[in-house]
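One chain comes next, on its own, written as structure tokens: the form predicted on its own.
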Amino acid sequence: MTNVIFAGVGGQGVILASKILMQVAMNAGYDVKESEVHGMAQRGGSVDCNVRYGEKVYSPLIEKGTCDYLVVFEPLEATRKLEYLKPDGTLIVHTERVNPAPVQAGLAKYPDDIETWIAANITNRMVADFGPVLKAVGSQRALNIVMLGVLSNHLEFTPDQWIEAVKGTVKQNFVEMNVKAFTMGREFTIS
């Protein structure tokens, strides 16, 4: 059983990322279950998706401490989901901040020490600014696909299986850009 959580805010493509992973796993013959939470997502609120795949999956929900891969599109969302990551699980975080409504309204302060805490407490991690990759791809909206590319290095599926799922899931006029985003994410390294 492999457990993956995608977390971010509305508009970052969290749900699409989960749909592509589901398609890759189903195409490979796995049983797949997914659960998503997107309450105030259209207003920039939290969005998260649990994807579980394996020989037989009985529940779509990932229990605390059992997530193999936590893929987070915004740092504050990492703090909300870290309790789900298992001790030897892998955390992948995009460092660009998206201020939640209370911070935008001046009612709260965005925490300054998230990346420091992650570096001190999470062994298997990739914390990076994927902004330069997005610039090279030509779209800020491709973050979800770039991060799938990064995640793909940790999972058993081939690049061709991923690209097939991307092509079958995204709108036809965005296929080329998304394949480029996936490939650049897969090749991304921290210098």
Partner chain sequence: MQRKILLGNEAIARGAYEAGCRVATAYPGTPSTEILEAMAAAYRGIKSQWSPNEKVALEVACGAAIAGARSLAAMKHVGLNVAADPLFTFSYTGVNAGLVIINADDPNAWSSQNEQDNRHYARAAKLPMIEPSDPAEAKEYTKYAFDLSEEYDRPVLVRITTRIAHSQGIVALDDPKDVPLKPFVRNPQKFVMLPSHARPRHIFIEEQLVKLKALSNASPLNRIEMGKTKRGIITNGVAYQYVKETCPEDSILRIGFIWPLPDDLIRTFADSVDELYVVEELDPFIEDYVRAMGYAPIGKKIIPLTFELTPEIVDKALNGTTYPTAPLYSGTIPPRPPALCKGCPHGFVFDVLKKLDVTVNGDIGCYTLAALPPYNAMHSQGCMGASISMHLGFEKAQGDEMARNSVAVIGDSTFIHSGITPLIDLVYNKGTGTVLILDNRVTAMTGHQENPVTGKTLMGEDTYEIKLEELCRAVGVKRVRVVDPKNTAEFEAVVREEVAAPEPSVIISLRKCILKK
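Remember, it's a predicted structure, so these values are computed and weren't measured experimentally. Numbering follows the first chain given and starts at 1.
FYI, the form predicted together with its partner chain isn't displayed, but the following is about it.
*Asks:* Quick check on this chain: which one of Pro159, Pro132, Gly138, Pro60 has a heavy atom within 4.5 Å of its partner chain in the predicted bound form?
*Replies:* The residue from Pro159, Pro132, Gly138, Pro60 that makes the contact is Pro60.
*Asks:* Test of understanding: in the predicted bound form, would Glu36 fall inside 4.5 Å of its partner chain by heavy atoms?
*Replies:* Yes - in the predicted bound form, heavy atoms of Glu36 and its partner chain come within 4.5 Å of each other.
*Asks:* Does the 4.5 Å heavy atom contact test between Thr66 and its partner chain in the predicted bound form come out positive?
*Replies:* Heavy-atom contact with its partner chain at 4.5 Å: present for Thr66.
*Asks:* Using heavy atoms and a 4.5 Å limit, would one call Lys167 a contact residue for its partner chain in the predicted bound form?
*Replies:* Residue-level check for Lys167: no, no contact with its partner chain.
*Asks:* Would you classify Ile122 as touching its partner chain in the predicted bound form, given a 4.5 Å non-hydrogen atom cut-off?
*Replies:* Because a heavy atom of Ile122 falls inside 4.5 Å of its partner chain in the predicted bound form, the answer is yes.
*Asks:* Mind listing which residues of 72-96 have a heavy atom within 4.5 Å of its partner chain in the predicted bound form?
*Replies:* Glu74, Leu76, Glu77, Thr79, Arg80, Leu82, Glu83, Tyr84, Leu85, Lys86, Pro87, in sequence order.
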